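Take a look at this single chain, the form predicted alone, given in structure tokens.
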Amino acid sequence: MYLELKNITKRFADTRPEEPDAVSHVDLGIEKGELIALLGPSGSGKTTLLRMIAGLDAPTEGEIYIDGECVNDLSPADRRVGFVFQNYALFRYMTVYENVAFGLDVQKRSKDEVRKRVGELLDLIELSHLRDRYPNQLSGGQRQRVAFARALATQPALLLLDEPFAAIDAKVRKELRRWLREMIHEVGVTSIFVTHDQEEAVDMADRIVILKDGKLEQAGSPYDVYKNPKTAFSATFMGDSVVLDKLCGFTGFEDITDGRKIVIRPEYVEAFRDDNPKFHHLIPYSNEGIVRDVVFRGDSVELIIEVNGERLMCRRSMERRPVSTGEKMRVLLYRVNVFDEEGAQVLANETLQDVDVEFM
């Protein structure tokens, strides 16, 4: 492993005994060249963990290894870490060129070396034509590119990014994060970025690390974390979900009333009208429901349907017939995720094994 975190714990001095640690006994290994997302809600310990890796905060317990060397006692400068902040942190009175060159100048590199390195980075971020402009003359996306280049200038062993797109509007954010992913893989630098945006994590990361209350909930590829959640929190934080304390009266499932958490995602639910001959063969495997809300999502329609006293969520293609609030529909439940203290379980609708359930 290129970066190893062993039993990392951070307890701040003003933390009361009954309060959880900011970071609690985190073990994590990251391979060289990986792009990792630290994902979780506010207060989950993401930024605190990032700052400990950078050397800006010291862990209360545990060791941090970079390329096999314990760096607990090393300063941020000696760890060879590049840091990109969410507010860019560019120097207002320096040009784009001077901002990117700053770290190299501090290291007293030769003018020729600085000129060559900065030129390469400005070409990489496609802003060579703006080398003489000041930060206030750039767009938000351009400023973030400059911050990225400045962090890479000294050829860091690790690149750390703290919510790097938080100050950028939604359209530019999508374009920039894909650009950043390509650039990081092109450069080959091991990178960790903090986000509370699941879409951002899925779009960019090779692996996602989910944190909650300072603890590591789950780590894995975006596909694995989404498809195989290990805890109820992981299941609800990744994607839209409905969480139930019981499941009663749903065709194809035994009743669950023992206090386990049942998580149902929209893709596990299908709704259709019983007057549609195409779906008549599915009526025996479904339950009756009432549409309580219809939400337009741009490329789809989201339905909130009440079934057996519980509200489920499903999505339909815009190409299908419109649905109205108050309308009765048949609801087919494919599978559910069930969680208890011992782990996770996926329950499939047993009545659908040999049934054609193809929908538009």
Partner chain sequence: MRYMINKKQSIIPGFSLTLGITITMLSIFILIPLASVLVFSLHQSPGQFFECISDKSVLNALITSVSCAFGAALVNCVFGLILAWVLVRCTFPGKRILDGLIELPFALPTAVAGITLSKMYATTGEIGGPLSKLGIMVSYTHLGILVAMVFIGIPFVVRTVQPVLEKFNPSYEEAAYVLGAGQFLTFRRVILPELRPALLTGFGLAFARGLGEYGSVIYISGNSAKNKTQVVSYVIMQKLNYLDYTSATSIALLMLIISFLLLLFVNAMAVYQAKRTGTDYEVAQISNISARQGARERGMIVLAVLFVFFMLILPLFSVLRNALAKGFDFYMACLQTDYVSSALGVTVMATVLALAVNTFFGLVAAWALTRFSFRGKQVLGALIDIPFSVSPVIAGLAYIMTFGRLGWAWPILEKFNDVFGTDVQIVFALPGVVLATIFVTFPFVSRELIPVLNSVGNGEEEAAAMMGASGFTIFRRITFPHIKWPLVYGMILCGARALGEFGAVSALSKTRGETFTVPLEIDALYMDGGADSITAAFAVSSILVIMAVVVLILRNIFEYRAKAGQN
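Only a predicted model underlies this, so the values are computations on that prediction, with no experimental measurement involved. The term rigid core refers to the most C-alpha atoms you can superpose between the two forms while keeping them within 1.5 Å. Numbering follows the first chain given and starts at 1.
In what follows, reference is made to the form predicted together with its partner chain, a form of this protein that is not presented.
Chemist: Name the stretch: of 122-130, 247-255, 170-178, 71-79, exactly one has residues whose heavy atoms fall within 4.5 Å of its partner chain in the model of the complex.
Modeler: That would be 71-79.
Chemist: Spell it out for me: taking its partner chain in the model of the complex, does every residue among V189, F233 and M238 have a heavy atom no farther than 4.5 Å from it?
Modeler: Judged in the model of the complex, none of V189, F233 and M238 sits within 4.5 Å of its partner chain.
Chemist: Which one of A54, V301, M329, M313 is close to its partner chain in the model of the complex, taking close to mean a heavy atom within 4.5 Å?
Modeler: Of the candidates A54, V301, M329, M313, A54 is the one lying within 4.5 Å of its partner chain in the model of the complex.
Chemist: Of the options L90, V263, I184, V269, which one has a non-hydrogen atom that comes within 4.5 Å of its partner chain in the model of the complex?
Modeler: The residue in contact is L90.
Chemist: Could you confirm whether D105 comes within 4.5 Å of its partner chain in the model of the complex, counting heavy atoms only?
Modeler: Because a heavy atom of D105 falls inside 4.5 Å of its partner chain in the model of the complex, the answer is yes.
Chemist: Taking its partner chain as it sits in the model of the complex, is T48 near enough to touch it, meaning that at least one heavy atom pair lies within 4.5 angstroms?
Modeler: The answer is no: T48 has no heavy atom within 4.5 Å of its partner chain.
Chemist: Does P59 reach its partner chain in the model of the complex if we count a contact as any heavy atom within 4.5 Å?
Modeler: Within the cut-off, so yes.
Chemist: Report whether the minimum heavy atom distance between F85 and its partner chain in the model of the complex is within 4.5 Å.
Modeler: Yes, F85 sits close enough to its partner chain in the model of the complex that at least one of its heavy atoms falls within 4.5 Å.
Chemist: From first to last in sequence, which residues of 139-157 have any non-hydrogen atom within 4.5 angstroms of its partner chain in the model of the complex?
Modeler: Heavy-atom contacts within 4.5 Å come from R150 alone.
Chemist: Once the two forms are fit on the core, has F83 moved its CA by at least 2 Å between the shown form and the other one?
Modeler: No, shifts by less than 2 Å.
Chemist: Is N72 displaced by at least 2 Å at its C-alpha between the shown form and the other one when the rigid core is overlaid?
Modeler: No, N72 moves less than 2 Å.
Chemist: Does the C-alpha of G220 move 2 Å or more between the shown form and the other one once the rigid core is lined up?
Modeler: It does not reach a 2 Å shift.
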